[in-house]
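Here you get one chain, nothing else, as structure tokens; it is the form predicted on its own.
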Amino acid sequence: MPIISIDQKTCNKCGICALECPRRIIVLPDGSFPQVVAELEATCNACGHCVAVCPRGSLSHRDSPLKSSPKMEKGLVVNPEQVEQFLKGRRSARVFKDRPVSREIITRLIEDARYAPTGHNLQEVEWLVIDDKKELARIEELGIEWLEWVIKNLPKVAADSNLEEKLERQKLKHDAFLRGAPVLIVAHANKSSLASLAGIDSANALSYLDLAANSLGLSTCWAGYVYIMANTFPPVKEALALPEDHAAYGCMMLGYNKFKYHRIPCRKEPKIIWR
């Protein structure tokens, strides 16, 4: 069975699908309808471009069927000014409300995030969501153990990062790592699946989730220390309990921000090399 099917009643043989196909596996023989080059079929990475680009909705792909590919709504397209404020207005939250985030909302965010680009369309990013207060508190406690370990075994690293001060603050108030966020989201993937791509793909997916959260009145902050511990400190690895062959490629706090932002702060001017 071919991987694409064509509705010959509506297809006008424009050839856009063939021109758009990244792998050039779709061809348009003279006077005929689009078809897949049989010997190249196995190279298709199911990106769905052919389905998305067809202006008449005449093409369906085995892994991206037309019925599961909703039409783009023209009324939902945002203008450049909206995009500019949306992106520039995004902030990293560090003061969260003591308010849970429903799993329905988190699922919606992950649904959006799965549309982030992935290398070779691998779609290898998987998710761990921790919204249990006891488990989150446990990670904060393990953070103290990690700080003590680094200070003892890597004194230069500890000094350069001022970790002794962080340890004292963490002992006084156990929320320096997660900032009291009610949710921790970990993007993870198989360690053997092109690790160099997995890290980029996970960052892309978390960035999508980050921006989508903002649209729902939620805020985020990248949990860099948790990410480091997740990959270097056995007690945290054990606490996260990811699949044995997986690694964490990004961690993010999620919750309702306690405050609202009213202005866009300055940023450094971009350094651009033109050629």
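Remember, predicted model here, so these are calculated numbers, not experimental data. Note that residue numbering begins at 1 and tracks the sequence as displayed.
This next part talks about the form predicted in complex with a small molecule, which is not shown.
Shown alone here, L254 lies farther than 4.5 Å from the small molecule in the predicted complex, counting heavy atoms only.
Using a 4.5 Å cutoff between non-hydrogen atoms, A223 counts as a contact of the small molecule in the predicted complex. Contact annotation for T107: none of its heavy atoms lies within 4.5 Å of the small molecule in the predicted complex. Contact check for K9: no non-hydrogen atom falls within 4.5 Å of the small molecule in the predicted complex. Contact annotation: the small molecule lies within 4.5 Å of heavy atoms from the stretch 224-232 in the predicted complex, the single such stretch among 238-246, 23-31, 224-232, 49-57. The candidate spot formed by K97, R99 and K133 is out of contact with the small molecule in the predicted complex: none of the three has a heavy atom within 4.5 Å. Checked against the small molecule in the predicted complex, the candidates S192, S92, Q82, N162 yield a single residue with a heavy atom inside 4.5 Å, and that residue is S92.
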